[in-house]
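Before any questions on how it binds or moves, here is one chain, the form predicted alone, in structure tokens.
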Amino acid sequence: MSARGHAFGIDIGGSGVKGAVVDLATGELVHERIKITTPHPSTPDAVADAVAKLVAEADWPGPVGITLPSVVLEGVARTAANIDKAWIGTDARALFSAALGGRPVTVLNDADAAGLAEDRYGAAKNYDGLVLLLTFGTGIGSALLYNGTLVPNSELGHLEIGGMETEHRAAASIKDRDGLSYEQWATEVSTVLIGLENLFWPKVFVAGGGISRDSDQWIPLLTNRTPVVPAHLRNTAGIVGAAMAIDAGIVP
């Protein structure tokens, strides 16, 4: 599915559609990532046009892996976070394939893509067993992997812990909204992590999202028992994971 060990990944977010060719041996981008501003409104047709422009700019002829901020089942978007609600029920795989001239397309959840990338190339590459990635942002995205195999669409941000959805308790946006110190916010994150580790017993938590850049200010304050490590790939993780999904034949 890849050319010379390379594959093309695209990460669709609320502000940008970003893509690049990825070297699957190393997880590194072969060139500077290409970014197109996410259209507003971010309707399926408008985003598909942006994807087509990005692939044309890269002059990439092969299959394409694409992330969506959505639960994706058999190529169909079932939810819509930070994209237009018209995505719900859209056959995203068929839409993108048509926009790209009928070529093969793989579509998966954005946090799942980040988890794939961090598990193989990033923060969790030296861990076996169960790896749990959490992206702390407006909400909390999650990816669950066992020995490199993805369990797609885990959506643990909606799991209720201590009488509250985890993302309503410990998303980075909650820290900003309520003016919490890192110590106060770390207490909420610890509550979430303790609840998750009691259910899943992971070998490691990988903490992603923009707030992971400040990991030295809050990870040492956590009180759960499982190691927590900051994500390494950051803004390339979605692109890398999308490219990996092509080569692995992942079909959520």
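Since this is a predicted model, take the numbers as computed values, not measurements. Numbers for residues come from their place in the sequence shown, where the first is 1.
Unshown form predicted in complex with a small molecule; subsequent notes refer to it.
**Student:** So which of A81, L180, A86, V151 gets a non-hydrogen atom within 4.5 Å of the small molecule in the predicted complex?
**Tutor:** Looking at A81, L180, A86, V151 one by one, just A81 meets the 4.5 Å heavy-atom criterion.
**Student:** Would T106 show up as a contact with the small molecule in the predicted complex if we use heavy atoms at 4.5 Å?
**Tutor:** Because no heavy atom of T106 falls inside 4.5 Å of the small molecule in the predicted complex, the answer is no.
**Student:** Is K125 one of the residues lying within 4.5 Å of the small molecule in the predicted complex, judged by heavy atom distances?
**Tutor:** K125 lies outside the contact set for the small molecule.
**Student:** In the predicted complex, does D91 have a heavy atom within 4.5 Å of the small molecule?
**Tutor:** No, D91 stays farther than 4.5 Å from the small molecule in the predicted complex.
**Student:** At the 4.5 Å heavy atom threshold, is A111 in contact with the small molecule in the predicted complex?
**Tutor:** Yes.
**Student:** Quick one: V71, E155 and E167 and the small molecule in the predicted complex, is every residue within 4.5 Å by at least one heavy atom?
**Tutor:** Yes.
**Student:** Of the listed stretches (217 to 225, 199 to 207, 35 to 43, 63 to 71), which one has a non-hydrogen atom within 4.5 Å of the small molecule in the predicted complex?
**Tutor:** Stretch with heavy atoms near the partner: 63 to 71.
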